[in-house]
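So this first bit is one chain, no partners, the form predicted on its own, shown in structure tokens.
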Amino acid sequence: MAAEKQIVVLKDAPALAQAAAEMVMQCAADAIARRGRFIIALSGGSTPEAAYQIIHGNFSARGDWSKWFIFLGDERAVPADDPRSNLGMATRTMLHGLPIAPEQIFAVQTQLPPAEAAADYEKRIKDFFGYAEPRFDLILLGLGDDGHTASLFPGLPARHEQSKLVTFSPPGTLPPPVDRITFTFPLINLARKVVFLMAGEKKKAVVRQLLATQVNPDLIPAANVHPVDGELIYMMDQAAHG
């Protein structure tokens, strides 16, 4: 049975970033205590970026980094040193200087054509989990002004993918105009915890649609996120909540 959504509203964007950083660290501690490792899928976007900076600045001495395993919920088909790269952003803000071995970070092979990169990433996820269900401890997500999450855009086929864990997508209507590699909803919905991070008044209209009693998941793809046996949390600032 799908989890009930939880809504957490913080005063402003800095308070949201701080709360998100604390949530990630607590989730890591809980996962390591229970299962001996923490498996997270990071998101791009300005709100996660601020949270990553806080993790690096305030919590770097407190993390059991040897037990973290880091994936990307979606990635742009650009090199890691490109400013548009989600891994590049996470490396600049959080991962640099932390005692995390290269084999603990699962980068998308963006030098491959997008379809091949998606198939390769799915294989690596399956290999990592082995015979176990590919269940992430935490997946961080953002929400686009058009209702997309990860790189699952309205009007594009990837949002309907049901048989693959990872797929590829051409650009959506929002920048940057590059191909994407993305987790699919079947993989996202296996997670133990999924957390949306949403900030700013520009998000208010789409947040209202996402949280509505009746929402069209084709128009607002983020509405397809409903973990089958996990937590779903919407964290936002007051401006996004309205």
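Here the structure is a predicted model, which means the values were calculated and not measured. The numbering used is simple: start at 1 and walk along the sequence shown.
There is also a form predicted together with a small molecule; it is not shown, and the following applies to it.
Tell me, out of Gln53, Ser46, Ser60, Thr173, which residue has a non-hydrogen atom within 4.5 angstroms of the small molecule in the predicted bound form.
Checking each option against the small molecule in the predicted bound form, the one that comes within 4.5 Å is Ser46.
Just one of Val108, Leu138, Leu143, Met94 has a heavy atom within 4.5 Å of the small molecule in the predicted bound form. Which one?
It is Leu143 that has a heavy atom within 4.5 Å of the partner.
Does the small molecule get within 4.5 angstroms of any non-hydrogen atom of Arg76 in the predicted bound form?
Yes.
Should Ser169 be counted as a contact of the small molecule in the predicted bound form, where contact means heavy atoms within 4.5 Å?
Close contact is absent here: in the predicted bound form, Ser169 is far from the small molecule, nothing within 4.5 Å, heavy atoms only.
With the cut-off set at 4.5 Å between non-hydrogen atoms, does Lys202 touch the small molecule in the predicted bound form?
Output for Lys202 is yes: heavy atoms within 4.5 Å of the small molecule.
Does the 4.5 Å heavy atom contact test between Ala150 and the small molecule in the predicted bound form come out positive?
Yes, Ala150 lies within 4.5 Å of the small molecule in the predicted bound form.
Which one, 60-68, 183-191, 210-218, 37-45, holds residues whose non-hydrogen atoms are within 4.5 Å of the small molecule in the predicted bound form?
So the stretch in question is 37-45.
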